[in-house]
Each structure stands twice: as C-alpha cells, then as structure tokens.
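Just the one chain here, the form predicted alone, laid out as structure tokens.
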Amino acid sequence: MTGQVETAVFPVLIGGEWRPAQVKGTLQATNPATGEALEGLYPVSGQEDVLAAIAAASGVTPGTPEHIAAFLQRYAELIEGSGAELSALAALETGLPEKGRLLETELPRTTRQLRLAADTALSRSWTRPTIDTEAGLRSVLQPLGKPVVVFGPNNFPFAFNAVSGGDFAAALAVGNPVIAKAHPGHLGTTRALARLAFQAVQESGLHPASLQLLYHLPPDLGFLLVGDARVGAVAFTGSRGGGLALKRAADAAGVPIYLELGSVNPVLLLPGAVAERPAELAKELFNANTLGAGQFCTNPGLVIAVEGPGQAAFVQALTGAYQSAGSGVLLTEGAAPHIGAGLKTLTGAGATLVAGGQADTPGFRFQPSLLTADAKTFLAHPDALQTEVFGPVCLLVTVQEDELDRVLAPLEASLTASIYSSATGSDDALYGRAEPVLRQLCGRLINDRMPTGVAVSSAQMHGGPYPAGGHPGFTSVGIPAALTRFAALRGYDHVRDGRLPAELQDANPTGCWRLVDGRWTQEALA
C-alpha cells in the first residue's frame, strides 16, 4: 500500500478484475490540513463502466452463509493487519486524527461490524423464518437476487466506507453483490480497502464479482446507476440535496433507496438540568458540536434551552468556549463555503452570531460558531433556522416555559432528539409535555447525553423519519436489523417440504430461530 507512487490513472474493479476505466476525466485526493493535492489519479468513469458494473454484479449468484462469513471474517483480519497503513492514509486524506480516532476507534468499530455481519450470516437470524402450520403458509427473508449500490459519506473513511462500512457489510451478509461508489474525500483509502476486500473475496471462495468499485461518476451517470431496474436497492449516506436527487431517479425505476441525510438533532435543555450543572452542560455541548469539526450527521446543531436559574451561567460558559476555540480541519474544500452559506441563512433569519463565523487556514478550516435566538425569532422563521450546517455550528434558542410547546411544534424530523432533565424530578412535567412531540420526530430519543455517539449494537436505530432518513422503519447501523433493507420477503404456500428453503423445512436443519404458530423456537416440527 505504501510502495512506489503510481502515476497512471488507477483501474476500477469490475467483473472480478482490476481493469482500465473508461476515463471521462480524473480527480485527485486532497490533504485538507494543507489544501495540497495528493499523488495519484482516479478516474471519473463513463457509461461503459457503469453498465459493465451492473451487468457483472447482476450475474452473481448468492454465496452460501459459510462463504459469506468466511469473506467477512477474512476481510476484517486483513484490515487489522494493515491498520497502521490504512489509518495513516485516511488521516492524510481526511485530516482526521490517526491516533485516538482512526486507528484506535473507527477501525476497530469497522472490523467489529464485519464480524457481527459474519456471525449473523451464519446464524441466519436475519431471515426471520415464519411458519403457520394451520394455514400451510411459510415466509422467509432472502437475498434480493440483484446488486446493491452503496454510496459512502466523507466523514467516516472506514466505518461508513462504500467498501467496508455498515451498508456494505449488511448487503454482503444477506448475499447480495455490491457496486460501491467511492467518496472523493478518501479515494486512496477506498482503493486500499477494496484491494483487501478483493483479496478476501478470492481467498474465501465468494463469487469474484461480488464487489465492483467505481471511484467517481458525472451526476447523470449516478442517476443512470441507481435508476437501472437490474439494481436491487441503493444505500446513500450524505447530503440532503444529493440524496434526494438520487431518490428521484431510483423511485422512477422502482428501486428501493435507503437514505441517511443528516439533521439538526435538537437538544432540549430543561431548567432543572441547567440549574444543576450549567458549566458541565456547556462543556458537553461544545465538545459534541465541535467533535470532528462538527462533521457528524448526529451533530447537535439546534439547542432549545428553557429559561430558569443557571441559564446565564450556562450561556456565559458556552460563549466562552466558542470564543476561545481554535479552528478544526474540514474534510473537503467545499465545506467552508457551505458553512459560510449556512451561517448567512441563519443570520438572515434573525439569529445573532456571538462567536466564530469565519473560514480559516491553513488548508480547509472554519471557526467554531455559536448563534443565539429567542422564541419569537425562531417562530418567525422556523424553516430557515433549522438549516443544517455540516460543521462546528450551533444555534441556541432560549424560550420561556409557556413558549416551549409552540417552539417544538414546527421542528423537522431528525435522526436524534435529546432531552436533559433534572436528577431530582423537577423537570418531569415539562419532560412529559416535550417527549411525545420529540418521540415522533426522531429515530433515536436520548436522555441526558449528546447525540454524536452511535454505538454498533443490535438495538441501535440510526435513521429516522423523512427527510432525515428515507424510511422511518429502517436503520443503517445495527445488525441484524440493518440487513433487512437489502432482503426480499418471500412466501411459500403449501410448498412441499423438500422444495422449501432450509430455514423453512420441518426438520430445521439450520437450527435457526423460527416463529412457528406465534412462538419462537429452534425445534423441528413434529
């Protein structure tokens, strides 16, 4: 991975081989800490590559759970064996810290996801076999029989990467081939991961065309890719504008598309909580909002604080934290102008900028920025003041207790919503008013914690109502639940036992858990 610099355009992975791309242009990775372009040319593929990738992936038959698990386990091993080189490369391309973040946190999270997916593939738990003996009906979740297209975001070069992240692991664990579209923010990291993945494909006996990699596409070819009827599903994590444009193309072709588009993730601070620990809450909020230079889809961008004792101390501590903070490195060159445009929208709608507000150097940076507004201002322009700014930007809205219900009413759907309340129970009545509203607006409701942490857990919900997500019933993090996005529910009506999938046969040769006449069991049918 760190050998001689290659000057030619890197090949794409299609049909089980690294082959020259149909080059419609080239692009380079960039070091965001310095703004300098990095060595290596990556192709912007043409239509021939897109159609070839779809055709190759469409010819893949699902592997056995054993082959799938062997691939995922071997891939995790290979990633760990190259962890230092991968982390160094990702740090160079993203500006994210190698120590603490990439090597010690995100990379282990990624390999854990892969191993969880392997275990789930072997257990077949994701298939949810259901049997009604009286009606003679049986159903089970099965692979789509078509490829899944995965678009990775810029902020997690390992854990959400198109060739190693949760969407990739879930689609492969079900038995679907993947067509991966790399993010321009970490091209070299994606290439290095894909080389390891292809090695694992070859060593595990999985179909050689189980993974296709395209680095970049013109917008019209992105629409062509997701709008091809041979595609079984699409997973996209990224900006709302890009995701909704892809959704229109996929919807027109009847291709399911699962979106994770980010949100402002409202945090409600009730007066008892602020009175108990104003400085602690200010520090916690500042750290969460500026973590990773604010480039998290769960970044707390909107805070609603109910007036009460301790409010002045909280605001003073929060303002001081932003005023004394240094600028963090942004992921891409376009990030700072985007943040600037978002701040202009917020201030144009009446918010007051009290700290930050400027792009910075070297490289791509922006000052942590705090804005404030009162309830009257927020209610006059609720849409504009809920503009998501993907960066270290927080809007603090202060409200009186009798204004809270009106301020909560126009809130948009978000991935998360957090409520901080007093440990003594003094906020319980206010909590009871606010919780039913926020519960309907978010995928994950949080108490007394900031939303930025997304644990890999079978109980995790990382999604939410539209437009934060594409569908409120699905999560992009959490195995086995994440797998169900890329599966088809198939029913069998009085089909003879020997003709049934193994999970539905009377003897239950797989030993998996099944819902038989309303009862979960691993037992064979008498």
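Note that the structure is predicted; figures quoted are calculated from it, not measured. Start at 1 with the first residue shown and count on from there.
Although not depicted, the form predicted together with a further copy of the same chain is the subject of the following passage.
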| property | result |
| --- | --- |
| Partner-contacting position among Ser87, Thr387, Ser422, Thr298 - heavy atom within 4.5 Å of a further copy of the same chain in the predicted complex | Ser422 |
| Answer option from Glu307, Asp405, Asp251, Glu203, heavy atom within 4.5 Å of a further copy of the same chain in the predicted complex | Asp251 |
| Arg138, Cys442 and Trp520 all contacting a further copy of the same chain in the predicted complex, non-hydrogen atom within 4.5 Å | yes |
| Any non-hydrogen atom of Ala29 within 4.5 angstroms of a further copy of the same chain in the predicted complex | no |
| Non-hydrogen atom contact Pro410 with a further copy of the same chain in the predicted complex at 4.5 angstroms | no |
| Touches a further copy of the same chain in the predicted complex: Asn447 (any heavy atom, 4.5 Å) | yes |
| Contact test in the predicted complex: Gly35 vs a further copy of the same chain, heavy atoms, 4.5 Å | no |
| In the predicted complex, segment of 335-343, 87-95, 434-442, 210-218 with a heavy atom within 4.5 Å of a further copy of the same chain | 434-442 |
| Contacts with a further copy of the same chain in the predicted complex, stretch 481-506 (heavy atom within 4.5 Å) | Ala487, Ala488, Leu489, Arg490, Gly491, Tyr492, Asp493, His494, Val495, Arg496, Arg499 |
